[in-house]
Structures are given as structure tokens and as C-alpha cells.
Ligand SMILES: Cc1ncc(COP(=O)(O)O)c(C=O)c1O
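Quick setup: one chain, the form predicted on its own, written in C-alpha cells, and binding and motion questions come after.
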């Protein structure tokens, strides 16, 4: 991304953990990147899945905002906080950037009930810890099964896993359709150039088990002699 910067570059988005791969950049890698990006270029650090990070991966992005005036950190209440239906998130940046955002934001963009829910959720550490624990357990449940099925997957720091479901470019679409017919919704990622893969959200134990059962049935026609 540094090498791609030109005189026309105004804004850079970095998702960490990344979607849909689940890959993770360390705090040092982020800081080194920010230090190398010219300060007239805004860097948006999208941390929508930040709350799922294990302790050894956590870093203080808010402290980076104080150090780098061209950094804006964005986070979501849709994931770990469980408030997806309220369409709620927030950003943290220095006043020069937040002032620009405030000039163009729509009026009444977040309703009063959503704001009240956000304030309550923000301090509910017990709920966050429970969600993170369930996510780690679900990750283990899914990846163990993928390994047993002989499926390649990418290690993920988010609440989803990218798994390869076939060897040809039509595999993702075929398996996705077979899952849909069984009432299971995952995310095809051919639009990311990954037609052999599916992105699977980690759910509750019973939800994960239902998905794995449906996946085995969906893969069976591809491996008739297995």
C-alpha cells in the first residue's frame, strides 16, 4: 500500500482484522505504516472486529490517534456488541478530522434509542468477554471440523473464517447454493477474487454444528468416493 501511494492519493483504508480474510496486522506494523504515510493523506483504520482480538494481539489504537493527526479509527457496535439492527458505530480522530466529518454527516444519523443502547453496551464488559469466549470456542469447533474434512482455511482474528470449498472456480457458488437450500447462509467471496472460497461467520455451538452438517452434505456430491 505504501508503494501504491501517488500524488493523487487522499485517503487510505486499512481493515484490521481484515475482512474477508481475517488476517491481522500488529500494532507495530500499523504504527510503522502510519509513520511512513505522508500526513496530508488520511488513514482510516477500520477496527470493526477489534473486540474479538486475544490479549496478545491487542494494541492501543486510540493512543495512535493522539500521535498521528492523519489517523481516524472506526469501530462498530454491530459485531461483538450484538447491536447490528441499530446500524451504529463510531470514530475517533483529532479535531481537524472530526470537524470535516461533522460538516458532511447527515442530520439525525443515529437515533436516540440507538445512542442509549450504545452507551449501555459500551460499558458491558461481561457481555463482551462472553462473546469473545464463545467466538474462540466456535473458531476451534469450525477449524477442527475443516481439518477433518480436508478443507483449507485461513487463520482468522475476527468472528468469521475463510474456507476453501473446492478446487475449481465454480466451487464457492455451488456449495453456497447447496447450503442455501438447507437454510444456511454464508458469504460467497467471488467478488474479492476468491471464487473457490466461502466466508463463514462463527455462531453459537448449535449453529456451528448445523452449518457443519449442512456443509458435509453440500460437499458430498463433489467427493462421491470419499
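Model, not experiment: these values are computed from the prediction. Residue numbers count along the first chain shown, from 1.
Only in words, not in the display: the form predicted together with the named molecule, which the text now covers.
Does residue 48 reach the named molecule in the predicted bound form, with heavy atoms at most 4.5 Å apart?
Contact with the named molecule, yes.
Any chance residue 87 has a heavy atom within 4.5 Å of the named molecule in the predicted bound form?
Yes, residue 87 is a contact residue.
Can residue 19 be called a contact residue for the named molecule in the predicted bound form at 4.5 Å between heavy atoms?
Contact check for residue 19: yes, within 4.5 Å of the named molecule in the predicted bound form.
When the contact criterion is heavy atoms within 4.5 Å, does residue 148 count as touching the named molecule in the predicted bound form?
No, residue 148 sits far enough from the named molecule in the predicted bound form that none of its heavy atoms falls within 4.5 Å.
Heavy atom within 4.5 Å of the named molecule in the predicted bound form: which of 78, 140, 115, 98?
Checking each option against the named molecule in the predicted bound form, the one that comes within 4.5 Å is 78.
I need to confirm a contact call. Of 12, 212, 15, 25, which residue comes within 4.5 Å of the named molecule in the predicted bound form, counting heavy atoms only?
None of the others qualify; the residue that does is 15.
The named molecule isn't shown here, but in the predicted bound form, which of 150-158, 104-112, 120-128, 70-78 has heavy atoms within 4.5 Å of it?
Going by heavy atoms within 4.5 Å, the stretch is 70-78.
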